[in-house]
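Next comes just one chain, in structure tokens: the form predicted on its own.
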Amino acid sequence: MMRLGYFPGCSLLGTAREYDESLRAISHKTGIELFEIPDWNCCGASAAHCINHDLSLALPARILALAEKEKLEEILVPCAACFNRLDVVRHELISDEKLRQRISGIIEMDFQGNIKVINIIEALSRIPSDGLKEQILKPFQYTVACYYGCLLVRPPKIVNFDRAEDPQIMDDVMKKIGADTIDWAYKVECCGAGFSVSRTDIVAKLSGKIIKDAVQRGAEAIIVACPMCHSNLDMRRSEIERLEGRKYSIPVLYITQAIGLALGISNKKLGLHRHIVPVKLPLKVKTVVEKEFVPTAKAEEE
């Protein structure tokens, strides 16, 4: 069993609650034990670092200090924006002793910097292939575009996770559950991020390019690991289609949802009914061990 501190962040309890639901649904089947950090707070993404530098450091530092207080060695942060803020702040504070002491004074907690921050892809990549294959009831036999976005692999010298321009670890995890992954140019391009409300036109332009390329290369689904990326590619689909002048039915799934489908977990428990774009995947030829299963956005009971 892999025991990890867990920081869900604001999005996973709100607009991206299906991410939290699907992660918790697959955790016990994949050998991950989640220990939610008590009394956690917002990490400040994505506005704090633009408004107040001390606040942008203090918010993540308090979360990390709380995790250290629980004697945890690692903290799992599924949201890519939250992961980036916590990891960057950890790096800044352990690199500057005076800054570390000052921020520790602000949060009134001693932050040592001895806890590692990991993202969802790193956590999932640790699951032994043999153990995962034993749990699979319905291989996820679809062609997918693994979309990493901006923040999982940048800045590379701080995050130090996968290849900054052509990451592969999400692709490797998807292959473990039966998927084929496309080689494409947009896996780390920006979707528009926090401009989703203030400049929807920019989001539609940037996200439209991502969806268009994925579709042209034969992807049947886009796989993400970031609430903001999911929101822009899914919730802003009507704006994207208006700009592109065509309809796109390709669904956007969190990687935890794709794994959950392969493990035979119901649509409802994975939160698929919460998506704006219906999760409809093409019917595949049945194997001897699998039941006919067509993921849709309609809630199901197991």
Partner chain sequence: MAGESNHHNGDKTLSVRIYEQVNESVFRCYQCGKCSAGCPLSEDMDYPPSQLMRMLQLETPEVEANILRSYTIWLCLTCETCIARCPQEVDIPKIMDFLRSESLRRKKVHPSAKDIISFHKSFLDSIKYTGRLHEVGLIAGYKFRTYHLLKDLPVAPKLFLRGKLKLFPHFIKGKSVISRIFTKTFREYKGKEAEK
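Residue numbers count along the first chain shown, from 1. Keep in mind that what you see is a predicted model, and the values were worked out from it rather than measured.
Omitted here: the form predicted in complex with the partner chain. The next part is about that form.
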Report the residue, out of L93, M174, I107, L132, that has at least one non-hydrogen atom within 4.5 angstroms of the partner chain in the predicted bound form.
I107
With the partner chain left out of view, which of E74, D180, E122, E189 would have a heavy atom within 4.5 Å of it in the predicted bound form?
E189
Please determine, with the chain shown alone, which of 138-146, 98-106, 112-120, 218-226 has non-hydrogen atoms within 4.5 Å of the partner chain in the predicted bound form.
98-106
Output flag, L13, L151 and R236 jointly within 4.5 Å of the partner chain in the predicted bound form, heavy atom basis
yes
Going by a heavy atom distance of 4.5 Å, is R17 a contact of the partner chain in the predicted bound form?
yes
E244 within 4.5 Å of the partner chain in the predicted bound form, heavy atoms:
no
Can any non-hydrogen atom of E70 be found within 4.5 angstroms of the partner chain in the predicted bound form?
no
Can you check whether N52 is within 4.5 Å of the partner chain in the predicted bound form, heavy atom basis?
yes
Scan 198-212 and write down, in order along the chain, each residue with a heavy atom lying within 4.5 Å of the partner chain in the predicted bound form.
S198, R199, T200, I202, K205, L206
